[in-house]
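Below, in structure tokens: the form predicted on its own, a single chain.
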Amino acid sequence: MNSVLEKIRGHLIVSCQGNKDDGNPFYRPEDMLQMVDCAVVGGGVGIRVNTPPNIELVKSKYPDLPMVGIWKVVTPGCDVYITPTMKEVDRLVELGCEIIAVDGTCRKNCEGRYAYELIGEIKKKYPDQLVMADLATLHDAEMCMAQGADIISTTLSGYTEDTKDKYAKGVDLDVIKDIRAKFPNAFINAEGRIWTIDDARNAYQYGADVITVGTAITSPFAITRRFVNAINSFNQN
């Protein structure tokens, strides 16, 4: 477990995901594998991949590359969708994910339990499995640390009801700083709206142990749209 953490500490994890429903042309398993190829060539030390078919294909080519595995399952009327139950966890364990990321917020999952409670259940069933808690606030971090989370990740800051005001502000440096102050020995992953080199440097300066970047690296359509929106805004003025 510690060897995986030390391998990724101070480096970059690349989130290789695509959603057809968002209009992203890159969403097939072979597309995800090409994203991973680029991440590896570029020097990424780990990857974050969604759904078993994608994970299985990537693992077949890169069996020793640290994998943050997730399985997004959307349930109508429920906000928790990142690896929400033990059913998804069991499959990700079978696939050999070095790290499994789950929703670590104080929201209720589709089973009516607090999302962070799944962490304790995982650690009880799979004591040697590294678990990353995707969360939004310092309070979430407190709950997840108590459940035994190995990695605290800022993934959901700006995406929950109580943090949506932070979305437009970019990467949440304040929550990184607050978690580091509260838990000096926590292993912190900075993730979410890291768009620039300065964002990445700032995340480390504020206390992150590792950073994860997705859209800014692996989503050409979103990058294009961001430039187009900026240009349109300028032209309207």
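Note that the coordinates shown come from a computational prediction; the quantities given were computed from them, not determined experimentally. Numbers for residues come from their place in the sequence shown, where the first is 1.
What comes next is about the form predicted together with a further copy of the same chain, which is not displayed.
Do Phe26 and a further copy of the same chain come within 4.5 Å of each other in the predicted bound form, heavy atoms counted?
Taking the distances in the predicted bound form, the answer for Phe26 is yes, it comes within 4.5 Å of a further copy of the same chain.
Do Asp37 and a further copy of the same chain share at least one heavy atom pair within 4.5 Å in the predicted bound form?
Output for Asp37 is yes: heavy atoms within 4.5 Å of a further copy of the same chain.
Check whether Asn235 has any heavy atom within 4.5 Å of a heavy atom of a further copy of the same chain in the predicted bound form, and answer yes or no.
Asn235: contacts a further copy of the same chain in the predicted bound form.
Given that the partner is absent here, does Glu56 sit within 4.5 Å of a further copy of the same chain in the predicted bound form, heavy atoms only?
Heavy-atom contact with a further copy of the same chain at 4.5 Å: absent for Glu56.
Interface stretch in the predicted bound form with a further copy of the same chain - options 65-73, 48-56, 208-216, 174-182, non-hydrogen atom within 4.5 Å
Stretch with heavy atoms near the partner: 208-216.
Note that a further copy of the same chain is not shown here; using its position in the predicted bound form, name the residues of 192-224 with a heavy atom within 4.5 Å of it, in sequence order.
In sequence order, Ile194, Trp195, Thr196, Ile197, Ala200, Arg201, Tyr204, Ile211, Val213, Ala216, Ile217, Pro220, Phe221, Ile223, Thr224 come within 4.5 Å of the partner.
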